[in-house]
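One chain follows as structure tokens, the form predicted on its own.
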Amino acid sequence: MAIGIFDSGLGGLTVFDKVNRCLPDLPLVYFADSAHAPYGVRDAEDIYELTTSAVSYLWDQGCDLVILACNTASAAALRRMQENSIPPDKRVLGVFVPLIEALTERNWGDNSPPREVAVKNVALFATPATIASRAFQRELAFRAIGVDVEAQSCGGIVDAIEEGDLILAEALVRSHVSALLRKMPKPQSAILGCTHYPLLENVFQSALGPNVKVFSQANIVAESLLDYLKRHPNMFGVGELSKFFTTGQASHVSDRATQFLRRQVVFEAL
């Protein structure tokens, strides 16, 4: 009954942690493609190939449902996977749609025409590849009209987090927020469009100011998964054990993961 969670690195552990808290008895198989991280600077074809390979491995581990806890993979690979490479008895879910539903105050599965929503000015912080895909803007346009999105490509933050250099990561956040505010001085809401970024949510909030509502994906995705599994109980896979896999150096990734989650995490190398 395992569920797979995939990320290019350790950012997806923010989603893993929230899902684990919501469903503590549910086995979760986490795959970190650390050897190829970060995905945010790769081209779309490369991201697609790496993502499909990782998802196939999670299917082999008994996960019929896989969450792409990676915005770059969700943006650059998910639609193509859904059109071409997902077997009928498997599902792959991204992280954009639950976030946009929360932003536009829509219930899950509400496919009514796009309409006016309360928020008009949205700041989007994401990786270069996510920004280039325009996947967020495309999904938002299906649900809302009259929303101005200002996107800020946040190079360097993922690398700093993966290396455990939070001082550099915080400095980069403040620099990217300053750049965004020069383009959109008064955003109403801000989207942290990378699952690494919730680790620095307080820094984003401080730099943006108290009047900006910050949407962080981990809680939203966990709540959406809980609702999905209630409606699709057949998607619990046959896997029975929680596991952590990485394409990187297992001891190094384990140390970083333990630091992030503040409890021991042991990755197996592939």
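Quantities reported herein were computed from a predicted structural model and do not represent experimental measurements. Note that residue numbering follows the sequence shown and begins at 1.
There is another form of this protein, the form predicted together with a small molecule, and it is not shown here; the text below is about that form.
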{"query": "Ala76 within 4.5 Å of the small molecule in the predicted bound form, heavy atoms", "finding": "no"}
{"query": "Proximity of Tyr39 to the small molecule in the predicted bound form, heavy atoms at 4.5 Å", "finding": "yes"}
{"query": "Contact label in the predicted bound form: Ile191 to the small molecule, heavy atom within 4.5 Å", "finding": "no"}
{"query": "Exercise: Val158 in contact with the small molecule in the predicted bound form, heavy atom 4.5 Å", "finding": "yes"}
{"query": "Among 204-212, 64-72, 50-58, 220-228, the region lying within 4.5 Å of the small molecule in the predicted bound form by heavy atom distance", "finding": "64-72"}
